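Before any questions on how it binds or moves, here is one chain, the form predicted on its own, in structure tokens.
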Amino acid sequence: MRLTAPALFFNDCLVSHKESPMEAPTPRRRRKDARPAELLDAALDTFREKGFAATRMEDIAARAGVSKGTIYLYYPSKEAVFEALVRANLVPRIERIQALMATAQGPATERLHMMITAFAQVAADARLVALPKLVLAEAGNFPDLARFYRHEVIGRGLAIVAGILRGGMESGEFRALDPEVTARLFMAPMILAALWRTTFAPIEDAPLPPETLLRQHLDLFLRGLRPEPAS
């Protein structure tokens, strides 16, 4: 299977299940089915504006135009809201990459390029990049939040990268290093890019596009992975 960018993650739309003509939903049913997504959309904007600690469930409800009681019908806590946001917006992207890497053939270098492209898309999205920023800002006060994000997002990303690196080392494309440690070195600038995008870029006169930074990182990283010349 040849790796191509369009086949990876550029189509982030989820396919909806088609309703049978015999089971056409009523307006009330359509409204109820759409409500979780509306609540999450309101929650993301509220978290971005107030931060996680300062946000209350009633703030999310008010932004979504529903009562406080309504939001509790779907999510028992704001921690559950955050977890739902991650599962709805980031986990599907990671799962698509995992599925592709499991069957893909081609150089490891190309796969790392695709990892950079995937993360650059998230870093360029002002709303999505708020999710890792929330974790970085609130981890000390909400360790369960950090633990969840580490498992669902960072852990999966590290596993994908370590697998790519291990394959490249076994084929001789990369020099022999500890793939687990090297994967962390690959991921670290991505986390920094998210922090920079949300903290410093808004006050810079000419903010650097995340993809420009990450492409430069990959170039330097690949140079460091080159096999050592035979003596």
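By rigid core we mean the largest C-alpha set that fits within 1.5 Å across both forms. Sequential numbering from 1, following the sequence displayed. Remember, it's a predicted structure, so these values are computed and weren't measured experimentally.
Keep in mind the form predicted in complex with another copy of the chain is missing from the figure; the text below concerns it.
Visitor: Tell me, out of R93, H113, R87, R150, which residue has a non-hydrogen atom within 4.5 angstroms of another copy of the chain in the predicted complex.
Guide: Of the listed residues, the single hit is R150.
Visitor: May I ask you to state whether G168 is within 4.5 Å of another copy of the chain in the predicted complex, using heavy atom distances?
Guide: No, G168 is distant from the partner.
Visitor: Can you work out whether T103 and another copy of the chain are in contact in the predicted complex, taking contact to mean some heavy atom pair no more than 4.5 Å apart?
Guide: No - in the predicted complex, heavy atoms of T103 and another copy of the chain never come within 4.5 Å of each other.
Visitor: Quick check on K50: any heavy atom within 4.5 Å of another copy of the chain in the predicted complex?
Guide: Yes, K50 sits close enough to another copy of the chain in the predicted complex that at least one of its heavy atoms falls within 4.5 Å.
Visitor: Does the 4.5 Å heavy atom contact test between R63 and another copy of the chain in the predicted complex come out positive?
Guide: It does not: once another copy of the chain is placed as it appears in the predicted complex, R63 has no heavy atom within 4.5 Å of it.
Visitor: At 4.5 Å between heavy atoms, only one of the stretches 79 to 87, 132 to 140, 104 to 112, 119 to 127 reaches another copy of the chain in the predicted complex; which one is it?
Guide: Looking at the other structure, the answer is 132 to 140.
Visitor: Can you tell me which bits of 185 to 222 touch another copy of the chain in the predicted complex, meaning any heavy atom within 4.5 Å?
Guide: Heavy-atom contacts to another copy of the chain in the predicted complex: L185, A188, P189, I191, L192, L195, W196, T199, F200, I203, E204, D205, L208, T212, L213, Q216, H217, D219, L220, F221.
Visitor: Does V181 count as moved between this form and the one not shown, where moved means a C-alpha shift of 2 angstroms or more after fitting the rigid core?
Guide: The answer is no, as the C-alpha of V181 shifts between this form and the one not shown by less than 2 Å after core alignment.
Visitor: Superpose the two forms on their rigid core, then report whether the C-alpha of G69 is displaced by 2 angstroms or more between this form and the one not shown.
Guide: Yes, G69 moves 2 Å or more.
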